[in-house]
Every structure is written in structure tokens, then in C-alpha cells.
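Okay, so here's just one chain, in C-alpha cells, the form predicted alone.
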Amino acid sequence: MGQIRMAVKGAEDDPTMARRWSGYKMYLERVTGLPVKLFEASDYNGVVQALASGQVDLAQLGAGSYANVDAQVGELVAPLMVIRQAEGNTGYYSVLLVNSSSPYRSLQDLRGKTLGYVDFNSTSGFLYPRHVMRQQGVEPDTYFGRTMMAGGQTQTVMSLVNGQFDGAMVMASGGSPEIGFTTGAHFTMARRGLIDIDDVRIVWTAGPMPNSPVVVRTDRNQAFIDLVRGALSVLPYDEPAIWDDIGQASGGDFASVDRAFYKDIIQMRSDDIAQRRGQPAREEK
């Protein structure tokens, strides 16, 4: 391999993401001795198609996007590693936001109202919360008066604040529904001064769902695959400054995962597509 090609989603919702990818790039270049070329896609599907078509060697993407790739090429793309927080958690949450000035206090209050999703390939902003709503007896395709895709986490929150949606489905992490959250799209926007954190409130949560995996094309050199796995495994211990620079908390690390870790998400995506098309779902083996 003359170079490593890595696909990433554009940093539309987090200004630290450019630095994060730069940290990965410099570290992988030093460990492998190969130049790393970053392919920055403008949306979720761009990363999905780059992986499925073999244009890149590895990527970090959401669980729902990985399920999309799996449906297209199966074992040609496999998860390698996932971020594990210091507490041992390997998941995050979907939260339903409303404007604090609104009267809405629960999911039930939003019946017949407008809802903003992030993207069809978003786990927290589309796939996972729809699955949980159905488990709770709410059919998301008919429960709301109108639903729309905003295209990204930042766009979804901003559209909510600007009054385009009554509710918005986005991600949150760094906590739990019981103790509250410390990170997520609306927290990032508040730090950037785009909104006041008190402008929005959470009225419903779903999760935890599996964290975003680092995935690799399995038709690449096995020595390369093993080297990437090993490099990521030791990164937080050998290079704590880089670990901090890419936005990870002290005490966390990378944990090895495989397709089985995302089996439920793969089935959820199949179920959701079947539900929208009115067809039986394909049973995940």
C-alpha cells in the first residue's frame, strides 16, 4: 500500500473535528510510515459510498451508516474499534429537543407536530429513536404531522431554534438521562455561541446505542489491518496528548469490536426500511 485513504464526514457540527482528523492523520502516518489522505464527505452517504465502492481503506462512521455499508457489501467492510469511555461505556443517546419557550414536555405532546431528523443514515438522528418509538407503541411515520431531514446535527438544532420544527432528534453523550448530558450537538453549538444552552430542553431520550466504529475494507493487506488495530489500541496510552487533542476524555480507550456488536443496529435498519416500504423485514443472522 502506497498510502492510506480515510473517509470522514465533514465537520459541520463541531469545529474541533478538523483537529481531530488531523490528529488521527499524523499518528497513523508516523506509526505506519505511509502518507494518509483524508477524504472529507459533505454528508453521511458520502462516507458510506466511498467505503462501499472501495475508494477508501478505512473510515469512522455511525453505526447506522455502517449498517448501510454492510447491506451493500457485507463482509468487505468490518468494524475494528470503538471508543470506550473511562466508565466502560461504549454507547451514546438520542435526545428529542424542543424549544424551552414551547409548551411541549413529552413525546406525547408532539403528536401531530413537526419533527426534524438529521439524516436517513444517522443512528441517533433517525434510525435508533424510530425503533424505540415503535417499541413504545408510537409509529413515527404517522404520529407526527410532518417530518423532515435537516442534513446534519447542527442544521437540525438550528432549524428547531429558528422555529422550523416543533421537535428535533439529535445525539447526546457524556452522561445519561438520569444524571444529564455534557456533550452533544446543542452543547457544541452553545460553546460556539450559536445558541444559548437554555434555549432548548430534552423531553425524551433513547439509548444507549453503540458508539461509532472505525471500520476497514477487509480486502486490504492483513498486515495493514492488524497494524491499524494495534495502533488505535495503544494510542491513548502511548500518546495521551494526541488522545486529548482528538477530543477524548482521560481514562477512555479503544475497544475491539466486530460485526456482532452492531447486529441489532443492522436489524433495526432492515426493519425500518421494510416498515416504510410495507414489506417484511429480512431477519438478521
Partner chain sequence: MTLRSAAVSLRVKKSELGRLMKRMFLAIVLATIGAGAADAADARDIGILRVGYLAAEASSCRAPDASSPVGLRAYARHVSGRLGRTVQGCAFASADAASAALVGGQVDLAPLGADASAKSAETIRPLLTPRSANGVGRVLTVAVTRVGGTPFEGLANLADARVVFGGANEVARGGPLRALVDNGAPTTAFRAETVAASPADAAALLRAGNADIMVLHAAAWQRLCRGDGPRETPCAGLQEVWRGRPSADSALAVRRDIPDELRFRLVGIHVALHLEAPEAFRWIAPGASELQPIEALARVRPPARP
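Keep in mind the model is a prediction, meaning the values are calculated, not measured. Positions refer to the first chain, counted from 1.
In what follows, reference is made to the form predicted together with its partner chain, a form of this protein that is not presented.
249 is the sole member of 41, 38, 249, 52 with a non-hydrogen atom within 4.5 Å of its partner chain in the predicted complex. Checking 43-51, 212-220, 61-69, 253-261 against its partner chain in the predicted complex, the stretch whose residues place heavy atoms within 4.5 Å of it is 253-261.
For the chain shown alone, residue 84 is a contact residue for its partner chain in the predicted complex, at least one non-hydrogen atom being within 4.5 angstroms. At the 4.5 Å threshold, heavy atoms of residue 162 stay clear of its partner chain in the predicted complex, well away from it.
Its partner chain in the predicted complex comes within 4.5 Å of no heavy atom belonging to residue 242. At the 4.5 Å threshold, heavy atoms of residue 114 stay clear of its partner chain in the predicted complex, well away from it. Residues 222, 223, 226, 227, 229, 230, 231, 233, 234, 236 are the ones in 219-236 with at least one heavy atom within 4.5 Å of its partner chain in the predicted complex, listed in sequence order.
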